[in-house]
Structures are given as structure tokens and as C-alpha cells.
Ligand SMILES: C[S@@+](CC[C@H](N)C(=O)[O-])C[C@H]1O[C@@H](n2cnc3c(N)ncnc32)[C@H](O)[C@@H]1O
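In the block that follows, a single chain appears as C-alpha cells, in the form predicted on its own.
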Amino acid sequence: MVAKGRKPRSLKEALKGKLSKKELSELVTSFDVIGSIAVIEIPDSLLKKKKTIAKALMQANTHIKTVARIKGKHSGKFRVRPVEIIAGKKTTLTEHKEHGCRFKVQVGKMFFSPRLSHERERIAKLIRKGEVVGAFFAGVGPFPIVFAKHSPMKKAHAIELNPIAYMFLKENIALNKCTHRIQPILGDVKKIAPKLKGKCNRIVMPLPKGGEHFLDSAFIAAASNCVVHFYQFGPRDSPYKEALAKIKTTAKKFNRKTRVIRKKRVRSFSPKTIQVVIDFKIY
């Protein structure tokens, strides 16, 4: 039990005495914070204790005003994860701040990962003056907006298929005063890429799953010496193997040469799966 008057240091500490030892061992202690909303996964075995868990999370993290439970996997045309509010304010709308930028987000209606914050900053530092960036699967705009604020790029073409996310993308571009450097585009990357043929000096592909199906589009939009940041999920024991094979196959299809610049583990996704990024150049 936490001493009276003292804030618990962690979710697990806040739940001591409220969950059994067995229940505590089943608890998922990691969670995402998007603005003032915490998004947490609760195992089926603990669903009866979801409100207890949510209240404890807010007790340990006083800046959190809403707790939402993930109800399912990424699914549907727009790859969103449904959520259920289980504590706090009954809203899924929030404003997330990152690297001096502000993003309005509606949790559960669009994909947004605060865990890719370091990747947005990393890539922004790599962008050279005058680059034209293809921001595939732009969502509410975190990648292109961070680039606009922290790099000397010339312009970003921000492509998003989800009409709700696109609406927020346009609003966030205006909110961060980036209208002169980011072009929001509503549509399918596969249909938009031919319109950008050979124009992009850098392409970022942060799709949560299935990005390999859009490698063709990257090769179409890529100028000579274009750098692509390609995100994939892979098994922990050989996370890069399949992704590298897909890059090689697509390069052969387009009769272009490639060179891998960097391979990096980005984040853990499940006990057997991790997300990786491969930075590679197209000649």
C-alpha cells in the first residue's frame, strides 16, 4: 500500500493491495500518453478491474485527465484501434505537444504514436536545405510538421487517406504556422505517388503495418539519391531480413540501385515482435 499523502511512483505501486499478486503479474504496465489521454491495454483476465486500474493510473500520473482502453487491433481501411474511455473526462479529443509543435488528435479515430517522437526528431536533423519530402501516411501531421519546424526542407507533400485525420492534418498545419511549407493531400499513396514522380529527395513511410505494399510508390516518387525511411514490424531474432528482401525485390523491378544507410530497432511491439526502420538510398 502507498503511504497516505504520497503519490505512487508507478502504476504497479498504485495497485498494490487493490489487485492480487496473480493479477499484478498479468498487468500491462506500459501505456501511451497522447496529450492528456492515457491509452492502455488491459488483458481480458483483468477487464473486471479496468476502472480500478484506470483510477490508479491517474493517481500515479496526475497530468492525465482521461484513461482510454484499447478495445482491439489496428483494423479497417484506416488502420485505427478502437478505444473505450474508462476513467476521467469523457472525451477522446486532446492536444499533444512534441518538439515545440502542437497536434490536435482524436484518439481512436486516427493513428498517432507518441513513441515515434524520437524518430521524427532524428529524421528532421538529417534533412538538408532545399529537400522536397514525401510524407506518406501523414496522419495528423507529426512527421511533416516537426520537419517544417526543425529542418531546412523546402516542402513536404503530406498524404493521408483517412478523411478525419486529413481534417486534423490541415488544422495542425495551420496551428503550427506551416502552411507555406506543407501541402496536405487527401488520397491513397498509390494514386498520389505518380503525380510526384521523381520529385522527392526524402520519403518517410511510418505506416503501423503494411508499409511494404507501398514500396512501389516510394520508388516512383523518388528522385535520384532519394533517402527513404521505411518502417516495418519483424521477429526479434531477425527483424530486418524480410524488409531488406522487399527493398531488393522492388529495386530490381524498377531497375534502380539502392544502398542501406542505417538499420535501427525503433520500439518493442509484442514479446515476439519489434518495429524497425531501414534508411536506404535510391539511385
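Worth saying up front: this structure is predicted, and the values here are computed from it rather than measured. Just count from 1 along the sequence shown to find any residue number.
Beyond what is shown, the protein has a form predicted together with the ligand; the following relates to that form.
In the model of the complex, the ligand sits within 4.5 Å of a heavy atom of A138. Contact annotation: E95 falls outside 4.5 Å of the ligand in the model of the complex, judged by heavy atom distances. With a 4.5 Å cutoff on heavy atoms, P184 does not count as touching the ligand in the model of the complex; it lies far away. Interface residue remark: K149 is not counted as part of the site for the ligand in the model of the complex, having no heavy atom within 4.5 Å. Among the residues K90, K77, K125, H180, the one placing a heavy atom within 4.5 Å of the ligand in the model of the complex is K77. Interface residue among L116, I173, V133, A193 relative to the ligand in the model of the complex, by the heavy atom within 4.5 Å criterion: L116. With the partner omitted here, the stretch from 160-168, 195-203, 125-133, 81-89 that lies within 4.5 Å of the ligand by heavy atoms in the model of the complex is 160-168. Taking the ligand as positioned in the model of the complex, the residues of 89-124 that bring a heavy atom within 4.5 Å of it are, in sequence order, F111, F112, S113, L116, R120.
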